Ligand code: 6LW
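To begin, one chain is listed below as structure tokens, in the form predicted on its own.
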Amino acid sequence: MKSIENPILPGFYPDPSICRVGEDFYLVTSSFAFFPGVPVFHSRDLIHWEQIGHVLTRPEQLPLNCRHISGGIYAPTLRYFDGTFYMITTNVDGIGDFVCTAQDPAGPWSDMHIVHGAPGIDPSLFFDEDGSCWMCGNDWSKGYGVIWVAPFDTKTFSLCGERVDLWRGAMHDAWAPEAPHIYKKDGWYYLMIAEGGTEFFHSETIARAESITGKYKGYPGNPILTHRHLGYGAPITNTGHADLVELADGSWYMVLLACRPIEGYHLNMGRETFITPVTWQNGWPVVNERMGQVTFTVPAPNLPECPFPETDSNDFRSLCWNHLGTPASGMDPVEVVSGSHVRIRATRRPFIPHGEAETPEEQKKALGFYGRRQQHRDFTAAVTASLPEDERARCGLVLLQNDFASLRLELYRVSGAVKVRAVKACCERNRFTQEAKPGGTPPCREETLFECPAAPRSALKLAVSGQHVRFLCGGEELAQADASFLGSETSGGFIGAYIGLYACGGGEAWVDFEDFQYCGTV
């Protein structure tokens, strides 16, 4: 029997949304402060997935604050109706909810259509059988969280009727009722949401009604999915923020986010995309029948297998690579020369101690950073970096969780002499407020673990096994470090670790990086 291996999108790919068009499945995920935004994936069998593009590829679609790495784009929903794909999402850095459309999910996608008067985050669209469209989201303005729905005009991209509150969640005073999706099956309208927060207590619940505006009644068996009862030692945690898809044969699957902790409850890779089968019993969905939880291997649907040609993620032109922040027109700090060669301008400092001043305009520009997601527990990442003669320039290889949590292997100059150092930047932060915890360490501190002379052109390498990191330069091991502080549960925010190349220092010199290699094993 064919099976699907989870996660289907390893690494930081949270908040998945899926739709089917004929024999094709399309999926999008959140992208936060990384550019391009909202990656788009395609599959024909739910086993093999290929990235075919991004929704947000132009600066005017995606103005970002690169210093708010856990800001930017939250929770897109992807839907298809009458020849058009619709992606609705929230840019929490001041834009709010907006819609982009396309005839081809690989792009190009339209400019933003901002939706006014829509509170909250995690917007979703539902197209009814009569062709009407409805938008739902969440609202905290009443002092509690509630899911709402309103008619939506797809010509003007605006709410065109009264917002109606639908449901406050399955639990009394449910924390963070969000990620709403509406489906219609057998004459019933089903409202599926996440609640409990996107951390350890995450869950998925469902209610139904005979009309789209309610009254919705919760399923007595809620939650339909959670792993919180399995404890912090479970191999898969934080399950929730799901979307359902019906196959042509009437079977159903659910895509969702979940985490794979590394050596304890440390979530270095962040929230990843998983999939699981769903059956319907007595008018309600049952997730992974007889198991009741998400597993690493699940039964595949009865579809022909359709693998895609393998893509080289080490190629700098690959769709898996991202900027941090939006490149300004004519001022992109990253130049991809070829698949094996990228240049980064050593302008601003990409990793700044908490409290160091920057102007609002500086915060909006992209950093001298080019990175890809950590997708494996054990991996190596290597690159050859050439440090320019500019005394101010620094460059290196970084394992990045956010501005305040990283491990770096860095080339720099002191009185003309080139050195290499291993650096740990860390702080103890509160996940929700992003402020230093009372009585904790200072907001941010950098510790040089080791430094020694180096050549201007040096081979840099990080070798990671679980939480154990080794720093190597020119094949020689320089230092070791524990990476458990890079988990989002420790360092704060909502992303997963990136492996990145960076250049900084304040000058205009360009740094050349060549022959990047990422090799993951587990």
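Counting begins at 1, following the sequence as shown. Everything numeric here is computed off the predicted structure, so don't read it as measured data.
Although it is not shown, the form predicted together with the ligand is what the next lines describe.
Proximity to the ligand in the model of the complex, defined as a heavy atom within 4.5 Å, singles out one entry of 204, 272, 410, 122, which is 122. Of the residues given (494, 49, 485, 35), 494 alone sits with a heavy atom within 4.5 Å of the ligand in the model of the complex. Residue 98 falls outside the set of residues with a heavy atom inside 4.5 Å of the ligand in the model of the complex.
Although the partner is absent here, residue 322 sits far enough away that none of its heavy atoms falls within 4.5 Å of the ligand in the model of the complex. Put simply, residue 198 is close to the ligand in the model of the complex: some heavy atom of it is within 4.5 Å.
Residue contact with the ligand in the model of the complex: residue 109 places no heavy atom within 4.5 Å of it. Partner contacts here mean any heavy atom within 4.5 Å of the ligand in the model of the complex, and among 216 to 224, 299 to 307, 366 to 374, 73 to 81 they occur only in 73 to 81.
Residues of 233 to 264 placing a heavy atom within 4.5 Å of the ligand in the model of the complex: 241 alone.
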